[in-house]
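One chain comes next, on its own, written out as structure tokens in the form predicted alone.
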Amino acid sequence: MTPIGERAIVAWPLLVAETLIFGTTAFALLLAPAPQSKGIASALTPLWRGLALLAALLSPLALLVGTANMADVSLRAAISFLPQVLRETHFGHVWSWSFPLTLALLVLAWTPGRGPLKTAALSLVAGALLLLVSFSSHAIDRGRIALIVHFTHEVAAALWIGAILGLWFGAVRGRLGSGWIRRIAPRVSRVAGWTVATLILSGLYTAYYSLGADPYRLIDSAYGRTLVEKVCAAALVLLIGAYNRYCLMPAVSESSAQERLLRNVGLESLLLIGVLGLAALLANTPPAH
């Protein structure tokens, strides 16, 4: 496997963990109806704990793999380079900021309680971790505006997947009932619409600068080809979302429509996790310019 592939394989589950925790906690705080707030938190708590544990386990591995790639040595040989990388490189500095936050995320997730303060704390820490992802991305080379756009793109993606996954967990795991689905589904649909629009605009900005305004680089460069694959995968998710919005939402009060909606939302969530994998690969591929 290439060094880019090795870094992407480790970065993918880390990105998934941070994105899903931020998105689902935002859903629980901002979208879920207040009477069922504890119910949705209870349904999502096992997910938060599992993702936080995954992030804590993989974060040191991400440092080791990144160090091995920079030094062009094996993982075992890279151990001796870790202090130097942490002390002298931007990658090491960002990791030294993110790892304590990852541990804080783990402690918060496994702390007893399901109140809004705990959910808000998880959301805040996960959001800070996503911000640090932006500081370790290619956007760091293009200035403050590029960083803001990259972070906005991450937040929009997190809110999108968090909204649809929160709907699925509340209905299937939390068993909050048909009335809950009727109330929450329109809110999820509106959030999905706004976040998709934000993703398109921020993605166009990033693609323009990353490709150097040369459309041929979409095919001639590894970055461009990976971007095309990511866009095609996201387009498939958009087709499912459009079907949900325009065909199922008008009949969301019917049990058959709710069943199809939940099935589609589950598939949509899985596909978006795959899109995050392509995003991790893209983030570790040098821009075409």
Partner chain sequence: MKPLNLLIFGAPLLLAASITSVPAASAHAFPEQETPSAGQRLAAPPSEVTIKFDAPIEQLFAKLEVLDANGKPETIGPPEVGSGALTLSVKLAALKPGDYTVKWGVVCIDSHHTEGSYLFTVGGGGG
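Because the structure is predicted, anything quoted here is derived from the model rather than measured. Numbering follows the first chain given and starts at 1.
Not pictured, yet referred to below: the form predicted together with its partner chain.
- Between its partner chain and the residues 104, 120, 128, 201, the one pair within 4.5 Å by heavy atoms in the predicted bound form involves 201.
- Annotated contacts: 7, 196 and 213 all touch its partner chain in the predicted bound form [non-hydrogen atom within 4.5 angstroms].
- With the partner left out here, its partner chain still marks one of 180-188, 162-170, 112-120, 137-145 in the predicted bound form; by a 4.5 Å heavy atom cut-off that stretch is 137-145.
- Under a 4.5 angstroms non-hydrogen atom cutoff, its partner chain in the predicted bound form has residue 90 among its neighbouring residues.
- Contact annotation for residue 99: none of its heavy atoms lies within 4.5 Å of its partner chain in the predicted bound form.
- Its partner chain is not shown here, but in the predicted bound form it comes within 4.5 Å of a heavy atom of residue 71.
- For the chain shown alone, residue 217 is a contact residue for its partner chain in the predicted bound form, at least one non-hydrogen atom being within 4.5 angstroms.
- With contact defined as any non-hydrogen atom lying within 4.5 angstroms of its partner chain in the predicted bound form, the contacting residues in 255-287 are 283, 284, 285, 286, 287, given in sequence order.
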